[in-house]
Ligand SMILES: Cc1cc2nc3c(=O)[nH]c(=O)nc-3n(C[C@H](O)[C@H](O)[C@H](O)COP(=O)(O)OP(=O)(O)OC[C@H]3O[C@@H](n4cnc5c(N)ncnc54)[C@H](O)[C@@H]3O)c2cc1C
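Just the one chain here, the form predicted on its own, laid out as C-alpha cells.
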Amino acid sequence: MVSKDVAILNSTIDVLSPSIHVQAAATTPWDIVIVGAGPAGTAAASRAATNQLRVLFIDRCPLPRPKVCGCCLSPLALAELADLSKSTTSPFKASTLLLTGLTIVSHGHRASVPYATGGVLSRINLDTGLAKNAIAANAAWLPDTRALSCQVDDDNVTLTVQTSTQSQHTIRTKRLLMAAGLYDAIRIHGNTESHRPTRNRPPNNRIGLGTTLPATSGAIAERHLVMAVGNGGYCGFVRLEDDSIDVAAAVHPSLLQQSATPADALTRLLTEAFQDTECPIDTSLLPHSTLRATPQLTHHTGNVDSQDTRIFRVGDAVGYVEPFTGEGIGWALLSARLATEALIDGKGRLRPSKEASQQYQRTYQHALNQHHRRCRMVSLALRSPFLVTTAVRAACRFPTVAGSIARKITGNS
C-alpha cells in the first residue's frame, strides 16, 4: 500500500530512467562501481565522474523511492552539498527548508527552544536530485539491479548482479564502493576464501520505523522539528517541502515484540511521551499508512574491506550510530568526499589501492569518530527517562540556553 503522501511526492518527480543497459554495463571496463544510490553513493558518483573516470552506480530500487529517514540536513550536510555544487559540473539544487525551532516532549513534559540549525528535505527529492547530478557529471545509472556477490582477483573486482527480471550479469571494475547502507551484506570471494562484512552491533540496538502522513494529519509548524521521547525509543516529526509530515522513529525491539503491529508500537511510544498533552499528529492514521522498517541501526563495519583494499564503504555501510536529529546524511556525504579524495589523486587518476585505503581510514577516523562518540553518549542518555524528563523541565525554564545546548549535543553548534 502506498500512502497518499508518497503519491503526492512521486507525482512531482518522474522515475529516473537508467542511462545504460545492463548488457552494456557488463561489457564496460569500469574504474569505479558504486552499489547504492543514497546520498553517499550518488555524491561519490558525482565526484568520481567529474574526474573523467568511468563510473557506474547501481541500486536495487528505482528512483525516486521513499526511505525511513528523519529528512533533516545538519549544517555538515548543507556544507557538503554546497561543496558538491562547487566541485561538480552540475550544481546540486534543492528546495531545502531551514529549521527555526525544536520541541522536545517526554512523559508529558514539553519544551520548545530556538533551533535555527540545519534544514529539511525529503529523501525522495534529495536522493533523486543527487542521482541526476551524478548522471550530469557523466556517471552511468543502473536501477532495479541487486548486487549479489563479488569476486576479487589480481586485477579487478567482478560484481555479480541480478536485475528485476531475475537475469544475472557480471560487471568488472578496478574499485568497488559499497554504499548500500544498513543492507550491505554481499558475499566477497577472494583467491582463497570468501566472507561477508562483519557487523559489530551493541546490545539493545534500536530499529528504525518511518512513514509520511498527509499535510492535514497534524499540527506541525513549518520549519519546526518535534522530538518525542519515551522508554521504548523516540520519534521525530517535521513538515517536508510539499507540506506532508515525515515521521521517523528509533524503537527498542522489545516494544515491537510487545505490540501487535509496528503502528501499534509507534502509537504506544507516542502515548507514553505525550501522556495527557496533545500529540501533534493524528495517530489513528498510523495503521493505515505505509510504515517501513530498517535493520538494527547502530553498527560498526569498517570503511575498507578487511580482506581487500580495493573495496571501500561509504555512508551507513561503514557504521552508524542512531542520531537524535538527523546527522546521518551529513556523515554520508562527508564519507563520500573523503573516499573519493583517497581513491583519486590530484591528476584525476586512481591511486594504488593500499595507499588509498590508508588515506581513507586515516581521514575518516579523524573526521567522524568524534561525531560517533558524541551520538553514542546522547543515545545512552535517551534511555534514561529521568535524565530526559529533567532536561525537558530545565529547557522550559531556560529555553535560550537549552537551544544552545541542544545544538551542541546534536553536533550542530
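As the structure is a computational prediction, the values presented were derived from the model and not from experiment. Each residue number is its position in the shown sequence, starting from 1.
Below, we refer to the form predicted together with the named molecule, which is not included among the displayed structures.
C61 versus the named molecule, in the model of the complex: is there a non-hydrogen atom within 4.5 Å?
Result yes; C61 sits at the interface with the named molecule in the model of the complex.
Is L297 one of the residues lying within 4.5 Å of the named molecule in the model of the complex, judged by heavy atom distances?
Contact check for L297: yes, within 4.5 Å of the named molecule in the model of the complex.
Does the 4.5 Å heavy atom contact test between L102 and the named molecule in the model of the complex come out positive?
No, L102 is distant from the partner.
The named molecule contact at R123 in the model of the complex, heavy atom, 4.5 Å:
R123: yes, in contact with the named molecule in the model of the complex.
In terms of non-hydrogen atoms within 4.5 angstroms, which of the given stretches 263-271, 307-315, 150-158, 215-223 touches the named molecule in the model of the complex?
Heavy-atom contact with the partner occurs in 307-315.
Of N138, T173, T283, T145, which one comes within 4.5 Å of the named molecule in the model of the complex, counting heavy atoms only?
Exactly one listed residue reaches within 4.5 Å, namely T145.
Tell me, out of L177, L81, C72, L338, which residue has a non-hydrogen atom within 4.5 angstroms of the named molecule in the model of the complex.
In short, C72.
All of V229, G233 and F386 with a heavy atom within 4.5 Å of the named molecule in the model of the complex:
No: none of V229, G233 and F386 comes within 4.5 Å of the named molecule in the model of the complex.
Can you tell me which bits of 234-250 touch the named molecule in the model of the complex, meaning any heavy atom within 4.5 Å?
Sequence-ordered list: A248, A249.
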